[in-house]
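Only one chain is given next, in structure tokens, and it is the form predicted alone.
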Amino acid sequence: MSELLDTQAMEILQKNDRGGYTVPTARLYPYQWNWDSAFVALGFGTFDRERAWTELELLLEGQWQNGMVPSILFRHDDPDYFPGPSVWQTQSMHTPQPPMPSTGVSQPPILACVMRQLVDSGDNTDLQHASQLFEQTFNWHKWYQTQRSVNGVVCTVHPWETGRDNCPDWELGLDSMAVDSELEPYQRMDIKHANPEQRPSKEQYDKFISIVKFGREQQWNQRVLTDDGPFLMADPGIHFILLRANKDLLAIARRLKLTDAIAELETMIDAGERATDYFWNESLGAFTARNIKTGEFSNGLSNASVLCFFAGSGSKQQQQLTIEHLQRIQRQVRFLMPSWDPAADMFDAQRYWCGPVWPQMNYLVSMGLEEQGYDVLAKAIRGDMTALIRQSGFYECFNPVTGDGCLGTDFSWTAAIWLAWASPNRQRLAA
């Protein structure tokens, strides 16, 4: 069965290939998504190394002059998707204009982590590819420091920027903002291609589009969006992924003997470590999202909370309390790791980021746990991912209670994670 699934996974990546870049899945997501492409490169890297690097090179083609790599690159205008380039209007900016139509926000910067994995598992050709992408990737990391930080804490201006669109984490920020009174009527396309009950609500979407409207009116000035925008929260997902990405980029810089970059990355890593405590929710005993405008913490643990292990960050006590949460949650669900705590308000096993298991997040969480010495939980999460795909196929995400697939089918990052990590054949190779 593993061989059959290996073949199916490769076929999905090839089917979703649009000439050097990969869409997450047909119709529902018809463009190139930022962190999707990074995970996709891991999958291609198991059978077509050059194609893996092409994925990353084409992602960076959309990088803005200020260093930001947008969450979506609109290489064409597809009527099947909303909000498309005509809503974001990033090409209408005065100067400097982005190299292609895109969104005006970013996504979790997993790129450097993938680059390091390709380098560590490859040869000198992979190191040469990483060398060619190093400066652009480094500029993206520095963009977070200059354009998306408040008092040393990296933050987010839109739930879409976190990759965890409708996670209950964001209710703090969304509740404190109003829908723009001049918001024009719009027609969502996502609920035509997927079950509306598994997608964000209309009220959430109205606020999502209100933030887009604000950014558009500010000509996508990123500092204004951060300082004066209607939504501003600290996301443990972005924080921990960026911290790990800085460490991985540092490892590449050392391989390339880039002295100046090494010194600057070490400084950025130190700053990131100092900021980790900002996310520590003492009353919950976990790292959680936080509303920067009010200081209020989110009231639930998410799968982003446990990325502290992936970043190698947090005190021993903080990590131990997080492990206890994981062990508790393991007793409450059939499959780890749900995107939201089953014991918290708003848990929904079927609705997008309110409960389902996400393949790429399981991969990062398990990797971090293994690196920090928590082998039992790491193997449990990996085993659960294998079982989910065997049971239901290559869905976007999965119900942690029943194992049923949710939302998009023939999903690229699920196929990629299978090939790079969850397939028993891959596990035997890594043993």
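From 1 onward, residues are counted along the sequence shown. Just so it is clear, the structure is predicted and the values come from calculations on it, not from any experiment.
Same protein, other form: the form predicted together with alpha-D-glucopyranose (GLC), not shown, and the subject of what follows.
A single residue from the set D180, E264, D78, D165 has any heavy atom within 4.5 angstroms of alpha-D-glucopyranose (GLC) in the model of the complex; that residue is D165. Scanning Y363, W64, Y29, F44 against alpha-D-glucopyranose (GLC) in the model of the complex with a 4.5 Å heavy atom cut-off leaves one residue, Y29. In the model of the complex, alpha-D-glucopyranose (GLC) lies within 4.5 Å of some heavy atom of P24.
In the model of the complex, alpha-D-glucopyranose (GLC) sits within 4.5 Å of a heavy atom belonging to W353. Proximity of Y374 to alpha-D-glucopyranose (GLC) in the model of the complex: non-hydrogen atoms within 4.5 Å are absent; the residue sits far from the partner. Proximity of Q107 to alpha-D-glucopyranose (GLC) in the model of the complex: non-hydrogen atoms within 4.5 Å are present.
Per the 4.5 Å heavy atom criterion, alpha-D-glucopyranose (GLC) in the model of the complex is contacted by stretch 157-165, the sole one of 202-210, 157-165, 83-91, 220-228. Contacts between stretch 28-54 and alpha-D-glucopyranose (GLC), counted in the model of the complex as any heavy atom lying within 4.5 Å, involve Y29, W33, W35, D36, listed in sequence order.
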